[in-house]
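Each of two forms of one protein chain follows alone as structure tokens, named structure 1 and structure 2.
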Structure 1
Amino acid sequence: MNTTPAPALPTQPWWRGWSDFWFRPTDPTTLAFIRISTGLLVLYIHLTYSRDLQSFFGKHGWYASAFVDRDRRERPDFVSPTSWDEQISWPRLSDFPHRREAMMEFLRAVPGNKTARQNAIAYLDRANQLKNPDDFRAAMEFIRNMHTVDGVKKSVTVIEGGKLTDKAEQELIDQQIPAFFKAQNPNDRKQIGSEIVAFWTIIPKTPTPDGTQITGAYVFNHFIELPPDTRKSLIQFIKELPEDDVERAQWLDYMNYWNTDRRVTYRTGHAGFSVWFHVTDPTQMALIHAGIIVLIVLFTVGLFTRVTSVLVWVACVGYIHRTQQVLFGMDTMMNILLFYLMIGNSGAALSIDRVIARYRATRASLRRSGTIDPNTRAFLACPQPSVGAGFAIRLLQIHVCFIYAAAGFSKLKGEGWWSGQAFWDVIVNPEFTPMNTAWYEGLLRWIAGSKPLYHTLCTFAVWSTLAIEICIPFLVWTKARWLVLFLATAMHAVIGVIMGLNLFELLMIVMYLAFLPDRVIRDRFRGGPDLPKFAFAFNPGADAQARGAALAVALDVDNQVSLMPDKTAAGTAVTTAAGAVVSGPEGTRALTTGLRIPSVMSWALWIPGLFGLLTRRLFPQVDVTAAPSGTKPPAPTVAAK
């Protein structure tokens, strides 16, 4: 239990202020209530996954395993260079599928052998060396316009200085030859001719009905339209493709899928983890999912919270990492809450862990002195302030401020948030809002029926949204905290109704609990002064009876039970408010219906064996049967308190 009191801190004011802000011991009840609220919502969220387990997370789900596996292992991450001199370009293909397909066909046709490749792309390389981008364009357009084998032959003939029989055609081709090629000497022009032939052989071609083949324009167009730096990167990529067929295929596959060269990425893959990456068998998935549901229940009721909180976070983030396509803001908020609940000891109050701690503390005190000593009584009276709980709540508070600051300020970029149109666009969205209900549509028509009303409402709504979101990070630390929290809660309630995003809004409201002052939650859980009182008689010398007494105290969070040590008692017994002395099943029934929290939880006694177990622990059979015949449980005499 992280319930240690505040340790002595250095005395400098700034240091003390900082430490007080972050590490002030805080009543863990607030964090515990956040745990229960979050746990219930998380439970609902994951129960709804049960029907969609296969379609969301299965092998052939909406985002299938094969795709998500590539995603997590290969997704490229880029970063711009830190120096002015470094190049900021990387090779890429087109987003137009037809052009991408043509480019991939071209890249696959590039010879593996580096010498052969050099020859095949010599023309491209030559054009690439041209300083003026217009020259590169002219060189590409020149070869693009050749279209067919025949066209290539004729063009090469002309550029090499040969003559065509058709003079008009010769003139036409001659006009098309870029000036910088014409300016070359005859040997170089011959070289250019052979480079054109070699390059043309690797360009994808489409068969035509007359049996000839024409080159598509896509490859040329792509090179022409790329920015010079990107084009150079792509040509460099082609030059550096590995000779090994398998390796080259991997490079090209990465280029095709991720539209880049793996080598220029800053990193590949992401740090996500999920059991659903590895388990795809439907039966195994169902079993694991059921196990996770059980874990969430344990976390919610606060059993082994330190361990279950971590396991629940790991499990829930696993769903998130597996299929981000089905997520929305709600999942982000759920994750934030679970993360901070893992840091603070959210099981220190309102939990089974707390009941266990109460039992152990009482048991230890009874073992020492047969009574409950003052410090143990103080521990039983309320959970001890905890540095961990305060720290977790502070983290949550600060995170909430970041959320609202970002949400508020980012809206200022949108015209709709200035004109009021944004509000209308939200409330009239037919897929999110209950537009399919008559009352809602009628309400909107009523609003739309009056121009002043419409504009007043839209303006008021966007202004108040901006005001609340932008002000929260600042005003929530002032005396206006109650006001802004109230307004924000109202805003989320309205959004919940209008947009239907109930769980998102509920999780946001749960976050606000972190701003409630210490004890507010705890005091709400206190029973009143009129609760029935019980006296629990036991023999502190008998181990089993002392355990029964400790259990009775552990279950009593409202100081309803007074312990009555009686060294002569043969067994434990409880005296009810009406003065009846009962033990065994009747005693258990009296306690579980009379003590406040157990009475709320009495439905759990329908769990087979639980009532019997409780009875055996509270009123140990062994002591009763060991007592001489006719011995009755002792009547309470002196209160231990």
Structure 2
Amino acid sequence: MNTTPAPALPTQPWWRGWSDFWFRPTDPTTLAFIRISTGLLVLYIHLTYSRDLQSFFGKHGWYASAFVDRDRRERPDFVSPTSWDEQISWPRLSDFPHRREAMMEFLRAVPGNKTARQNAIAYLDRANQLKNPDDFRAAMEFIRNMHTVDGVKKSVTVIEGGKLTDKAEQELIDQQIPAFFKAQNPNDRKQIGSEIVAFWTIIPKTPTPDGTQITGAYVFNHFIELPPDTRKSLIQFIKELPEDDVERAQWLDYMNYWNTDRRVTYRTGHAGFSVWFHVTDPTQMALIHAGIIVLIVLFTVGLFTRVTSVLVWVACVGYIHRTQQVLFGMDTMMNILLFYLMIGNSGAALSIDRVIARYRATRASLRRSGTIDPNTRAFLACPQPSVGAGFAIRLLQIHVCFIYAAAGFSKLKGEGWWSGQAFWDVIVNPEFTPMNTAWYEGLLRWIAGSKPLYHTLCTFAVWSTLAIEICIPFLVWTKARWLVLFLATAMHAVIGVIMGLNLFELLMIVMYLAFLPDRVIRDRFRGGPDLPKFAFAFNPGADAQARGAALAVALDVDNQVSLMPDKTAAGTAVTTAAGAVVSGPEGTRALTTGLRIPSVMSWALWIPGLFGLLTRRLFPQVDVTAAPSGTKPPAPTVAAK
């Protein structure tokens, strides 16, 4: 009995597995199929822009160029401090337009001279220095109740220690004076009185029919509602306003538009690029848009893919940068897919680039030896595994996991996702769902009419959504991959039907293709054993005929064409499976209808001139212009098999 122990398997260094995870050569057909699917969706998206190109991207569109230009030059950008103890605050106005306008009227009324300005806001500064926030509120409410000049005079008289003729009115005003003002000495109380007059003077006022003047309550309310740090920053902003009228107007304009002080920003503007930032003429826009559509078509069919993939990504990002106001998940997913398709060589398979590469390889082999050598046959058999394709697919897989992890875990923070209300809020939202249809509204009413059914449906929907989204990043790497991908596809299909987010859901489903095992897509595109066979006869010594043979092989991805070199052949011809020898238009028609991939793409032959060009390349000895369409030209001499 042999007791020799089995040899130990060689151990690999730890970094080898990490390297194989990211850089394992992968069949590029999967990435190519993702390119085709993404390209068709991107083409549809940008074709829909054609109907409302000016509304989306025009000079006077929904988001006019004037606002876009200001955004890309002035938009504030902040940087969070590195320490938790360090806090950054900046002045802010109200987000409500009418309240902000009242505050802007107040800021414009502040004197430009620094000394006069200091006197005008001395009361505001004094109130802000009070340590108790309730004291600041009391100080603001006290002056807010002074509606007329006469009321101000009476209040100042009382606070300075004077007497009014009407004792009841004096007692009322005395009760309204904050206690911390009463505690001041007579000189300070007189100073407070003068500060009240100066501050009340610059407050915006609205005349009423009876002649009285109501002070701007929005100004007082805004100061009261601001957090102490923000209020302090706003007061400091007022103090530091420039004395120069032009510079001061620029400060106030930036504050009014962006609701912040430009000086506290890390930077202003952004580095986003879009051709629509610079081109606004309708004719020029139409021409550029048409050119981009052509680029997307070239990218989809895989022509010059290394170049068109970059150009399409840059162009699509330009559309996104120009229409930030309508940006949503579809644009994000489209951008992600195009970016990774740009990294990997997505045109190495299922593309015109692959046909060109097959043609060049076959042509070179025929030039060398008159036949197809073994190395060329291996190249023609299938696309070579690519490190770039594997890396791009792996990046896409990891990105998908991060997307679902973020989506699933963020939903756990929402109360509606624990109670089930989130699902119901979605299906009754008329902005997305078909609430205008009678059957849909009737279905919702029927569901809501039964409380057990309502809670069962909502609970099942939210918990299944959470389970799928949270499980994908973990189970997609296990044997349960097919199950989670099937459930995720079903989930997105339901969302697409209910919410109408068809393009977003389709782009998400396209991302799942990255998780298919290697060579699955390629095997699905292979034909069966019953495909028709053709024999292509040519003279290898005639350069034009050799090019025709190379083109026939380039169009054949399932080894349906056998080359028949014949040095005595007068021209190229193809023998069909039925034994018929044809050439010219009939030969082109036989190949384009019999070869697997060309038969699928036969609709492209409707492009004017394409059929004639293909015929001249495959059968160069035939005068296509002289032979009427549908006639059978004389068959050239073909060597016997």
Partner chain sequence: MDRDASAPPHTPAEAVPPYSPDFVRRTGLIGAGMNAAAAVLAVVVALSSSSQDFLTPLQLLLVFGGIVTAGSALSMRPDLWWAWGLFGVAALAGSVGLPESWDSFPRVFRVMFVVGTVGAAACCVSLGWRIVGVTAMVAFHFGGIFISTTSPPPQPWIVEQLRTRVYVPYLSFIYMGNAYHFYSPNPGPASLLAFFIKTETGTDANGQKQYKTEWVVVPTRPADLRDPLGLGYFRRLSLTEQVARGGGGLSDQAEKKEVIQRRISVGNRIPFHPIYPQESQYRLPDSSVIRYVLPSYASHVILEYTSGKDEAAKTTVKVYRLEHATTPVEQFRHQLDDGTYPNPYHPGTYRPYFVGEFNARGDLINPQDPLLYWMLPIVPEKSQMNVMDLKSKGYEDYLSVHALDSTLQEVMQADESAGQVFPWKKLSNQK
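All residue numbers here follow the sequence of structure 1, with the first residue given the number 1. Think of the rigid core as the biggest set of C-alphas that the two forms share within 1.5 Å after superposition. It should be emphasised that the depicted structure is a prediction, and the values quoted were computed from it without experimental measurement.
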_Which of the two shown is the form predicted alone_ = 2
_Motion between the two structures between rigid parts - which of 533, 69, 544, 235 is the hinge_ = 69
_Turn angle in ° for the smaller rigid piece between the two structures_ = 13
*asked:* Core superposed first, then measure: what is the displacement of the CA of residue 164 between the two structures, in Å?
replied: 11.2
*asked:* Looking at residue 99, what is the CA displacement between the two structures after core superposition, in angstrom?
replied: 5.1
